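In structure tokens, one chain follows: the form predicted on its own.
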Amino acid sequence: MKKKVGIVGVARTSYGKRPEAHLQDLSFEAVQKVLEQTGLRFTEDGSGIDATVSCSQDHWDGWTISSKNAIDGAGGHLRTEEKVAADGAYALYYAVLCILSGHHDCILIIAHTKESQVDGRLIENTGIEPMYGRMLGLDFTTCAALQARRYMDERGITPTQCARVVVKNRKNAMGNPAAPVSEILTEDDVLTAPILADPIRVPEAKPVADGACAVIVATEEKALQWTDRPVWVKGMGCCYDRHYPGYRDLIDPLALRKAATMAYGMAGVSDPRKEVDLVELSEYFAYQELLWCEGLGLCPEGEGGKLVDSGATGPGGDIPVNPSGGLLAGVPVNVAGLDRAVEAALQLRAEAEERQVEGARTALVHGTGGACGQMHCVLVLGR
């Protein structure tokens, strides 16, 4: 990009079920942390944060205008505030556009969800086409099972390869203080676990989680003024596919490939496998990490399973994927994509502690939403 937008601060709550916390509490916890970290305040004279972008969804929060849970504690009262009702990566995307357009110099992004207070299957059912699919009782898990089965049958992906994603990400998550998982699983643990929706087993699906995360972005001038370790948004792209899963080729992540192509072109990346140091992607189900790696161009079509078999996506591999543990470690929906950016920023600032990828300079961030990956957002971050 010709103009630079930098991430100057990131923070989040711990994840997992948080019955003691209201949505406002979760949001303010993340906001308070990022304000303390950066020393920034909400101002009208250009000396601090001048706008807020929130990310939430009415159905998950249980009432309309769900951003009202966050804006008072996130500087949005009687000020510019925008809401993104999609994955958190889109909130970051939108905030960057607001700065590039010249409308604002510094924006606070806050994403929150409390999954434990609702039945997610009912929420997801409302995202299915209403005339036919919704009446069948479909949710994102049952749709994912259809996608997983076709992917395994047509591309030769094995249950063991999917289990290896779970084992890798669970082990990675042990070094992530925000992750709620507390035990490492073996391949046998995964392969003998109860079926959730054939062929997906319980550990292969993202667990229920509550929480929030916050990111502050600013113009190049302000970013350099406020931090000596800015993380730059170098490229981004997003794309939506058809609403009806039956109208899509479920094992061709077309929208992801298009979004990635946009982001790579903007960032000047020609070979992501060689030019990206780590990937934080949104795998709501284990098989999706394999499929999304194909869509991101990290391996040829149909070779996502071989990629995880090779060890390339694990710690010390040439393209670590989800060194944080990913979504399988327990990250709330909506928050997911923005949390991927938080993780990538920590890596690029060499603040990822036990999960640090040595020498990380460029990171790939991915967010998705809708049944079977209907929409995708890809961002390239770098130092």
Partner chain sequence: MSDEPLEIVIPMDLRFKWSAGPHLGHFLRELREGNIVANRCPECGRLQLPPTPVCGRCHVAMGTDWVPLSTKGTVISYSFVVDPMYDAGIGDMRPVPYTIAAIVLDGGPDVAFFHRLEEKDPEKVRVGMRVEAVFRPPGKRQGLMEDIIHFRTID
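Since we're looking at a predicted model, the values are computed, not measured. Positions refer to the first chain, counted from 1.
If you look for the form predicted together with its partner chain, you will not find it shown, but the lines that follow are about it.
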Quiz item: in the predicted complex, which of the stretches 301 to 309, 165 to 173, 144 to 152, 276 to 284 has residues with heavy atoms within 4.5 Å of its partner chain?
Solution: 144 to 152
Quiz prompt | in the predicted complex, the residue from Leu185, Met266, Leu138, Leu191 that sits within 4.5 Å of its partner chain by heavy atoms | solution = Leu138
Quiz item: Looking at Gly235, Gly295, Pro245, Pro203, which is the one with a non-hydrogen atom within 4.5 Å of its partner chain in the predicted complex?
Solution: Pro245
Quiz item: Should Arg229 be counted as a contact of its partner chain in the predicted complex, where contact means heavy atoms within 4.5 Å?
Solution: no
Quiz prompt | its partner chain contact at Gly316 in the predicted complex, heavy atom, 4.5 Å | solution = no
Quiz item: Though only this chain appears here, would Gly156 touch its partner chain in the predicted complex if you measure heavy atom gaps against 4.5 Å?
Solution: no
Practice problem: Indicate whether Pro130 is a 4.5 Å heavy atom neighbour of its partner chain in the predicted complex. | Solution: yes
Quiz item: Of 171 to 197, which residues get within 4.5 Å of its partner chain in the predicted complex if you count heavy atoms?
Solution: Ile195, Leu196, Ala197
